[in-house]
Every structure is written in C-alpha cells, then in structure tokens.
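For reference, the chain that follows is the form predicted on its own, supplied as structure tokens.
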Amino acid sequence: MTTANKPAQRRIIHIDMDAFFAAVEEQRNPLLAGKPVVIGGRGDPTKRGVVSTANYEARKYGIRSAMPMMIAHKLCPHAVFLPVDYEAYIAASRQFKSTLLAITPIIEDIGIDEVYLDVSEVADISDIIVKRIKSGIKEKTGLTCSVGIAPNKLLAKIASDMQKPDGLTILIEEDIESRLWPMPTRKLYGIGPKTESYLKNIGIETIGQLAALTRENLLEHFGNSYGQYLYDSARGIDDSPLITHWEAKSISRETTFQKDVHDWQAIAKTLANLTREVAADMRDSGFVAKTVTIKIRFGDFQTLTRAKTMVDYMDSEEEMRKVAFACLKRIDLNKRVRLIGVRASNLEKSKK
C-alpha cells in the first residue's frame, strides 16, 4: 500500500464547554465575573432543587453538579444563586455548535455543552484545528471550551477534562501507561460510584491497577459485556464510531413539588400538564408513541412506575392523558407525593 492510499490515523476531538450554564449567565451579566455562581432549580437555595452547574469560583468551596441546592448554600452562602434558563443555554449551544461545521461535518452531538468531532481527514495539524475551534466559539459566543484530542472517543473525553478551563490536551497511544494508568478508575467513562466502590474493595483504585487484571478476572467479577468493556477501556481501547444522527428512544417530563402533596386535584392537574408538555414535545419532534409511563415518587423516596402500551400509535394530548390517568389509577396514593413524571416511548416517526 502506498503512503497516499493509507487510511488516515483516527483523530477524535471532544469539546467540553467550560461551566457552560454559569458562563452564559456571566455573558448576560458581566457583574457576575469573579463571583461564585451556582445555577439550579428555581434559583432559591432554601427550596428543593439540585445544582445544574457551578462556576470555577463556586467549585473551590466544594460545590458540584447534582448537589442539593441547600447544601451548596451552606458551603458558600455568599454565592450568587440563579434559576436554570434552558432557553438561553440552548440558544448559546446552537451558536457554538454552528461554528464547528467549518471544521468537519462529522459531528456527534452528545449534550447541550459537549460534542465529538472526527478530524481524521482534516489536513491541518491538531494545534491549528483547535485554534480554529476555540477562536470560532469565542468570536461567536464569547465563551471558552476545553478540548481533548485522541485516537478514540474514550481517550478524547478523558483528555478534555485534564486541563480546565480553556485547556487543550492531546493523548496518544504511547501516553496510556504514563498518563492514563495513574488516574483513578472513576475517570473512565462508565464507571460510577458503585463500581468504583466495588473496585476499591478488591484493591483496585487506579486505571493501571484495573489494566493489570486479566480478562477472565474481569468477566468473573462483572459479567461478559461490562467486564470486556472494562478490560478494553483500561487499556485505552475504544472503536466506537461517532453517531452523527440519532432518533429519540423516549420523550419525558417530570416535576418535583416544593412540598410533598397529598391533594388529588393537585396531583391530577400536574399529571395533565406534564402529559400536555410531552405530547407537544412529540409533535414538535415529529414522533408518535405507543407506550405511556407515569412515575410517582413519594415523600419517603419510594418510586413506582406504571405503563400502558396501546395497539395504535398516538400523539393526541387527549388520548395520552387518558392513558396516563389509567396508569395513575393503578397506584395507591396513600402517601404524600414528592415527584410526578410522564414518559412516552416505543416511538416512531409520524407519517403525517
């Protein structure tokens, strides 16, 4: 094979916007710059809600995403607490993503603030590509991002988190032993707190220690699929392609009451509103559904779900509401309710 015909070495970029929600708020209100800013719920740390994001000043106090707002307030009472404004964040997300098409059309959109790019066929060297990405996003939105470049998605995502904010990290296969293996196992995508705890109990705390385990040992502990995944990922192996187009598997909405409720009228009204929103989301996205599921979480955190699958597809609010209330009748509301959710699944593109 001649050099001209050799396939390009795979080069994947992961872009992660820096403290995205908080950064958008700082763009809208420059007086927030330099202050600890926490975004979550309705912005009231005395009420229920969790932290969606916190800027780097707030993170110095130990505030993290998914932390209850009340705890965040105890850690940093002088922080600025703001409500989540998804419309503003989605608008900024579209802006920054629109600049990336000038780099490559091979883009996997994986969230409001992060994407993968495949630049294997782009002629420019990595430093030049990243400079174009960062300057394009900065010019369009005024925001910064952290970038990771690697031979696959797994390593690129790890790399983008290594030098934040506004960082650039390039990982190559030769770096796996010196840079990947000393990291804690939790840095591997797919390892959550339960797996991390389990691994610690068997003496495994770093990715390198995980990589030292045999395939047979991992399959014995974690089963065939997950065990094989851990075996490969600890060695930096990931052949997964970029998914440049996807279809929704489900569409859902849920709400948490500020105070647990026991009033049937309030529960019914909330369920009807959520069903209306899900039906509207389905029509906007061009989907119809066969299955409706409702979720009820009580004040003691017991969570129940009930589902019903219809013979025909539907997107009618009235029809979906009837199904949702039929599901509700199958739940004994003998305790105060903390959360209600509605999900439409078994989706298909509408033929209308």
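Just so it is clear, the model here is predicted, and its values are computed rather than measured. Residue numbers run from 1 along the displayed sequence.
Beyond the structure shown, there is the form predicted together with a small molecule, which is absent from this document and is the topic of what follows.
- Each of 52, 59 and 66 comes within 4.5 Å of the small molecule in the predicted bound form, counting any heavy atom.
- At the 4.5 Å threshold, heavy atoms of residue 25 stay clear of the small molecule in the predicted bound form, well away from it.
- Taking non-hydrogen atoms only, residue 110 never approaches the small molecule to within 4.5 angstroms in the predicted bound form.
- Although the partner is absent from this view, residue 164 contacts the small molecule in the predicted bound form, with a non-hydrogen atom inside 4.5 angstroms.
- Put simply, residue 19 is close to the small molecule in the predicted bound form: some heavy atom of it is within 4.5 Å.
- With the small molecule left out of view, the stretch that reaches within 4.5 Å of it through heavy atoms in the predicted bound form is, among 97-105, 193-201, 111-119, 228-236, 111-119.
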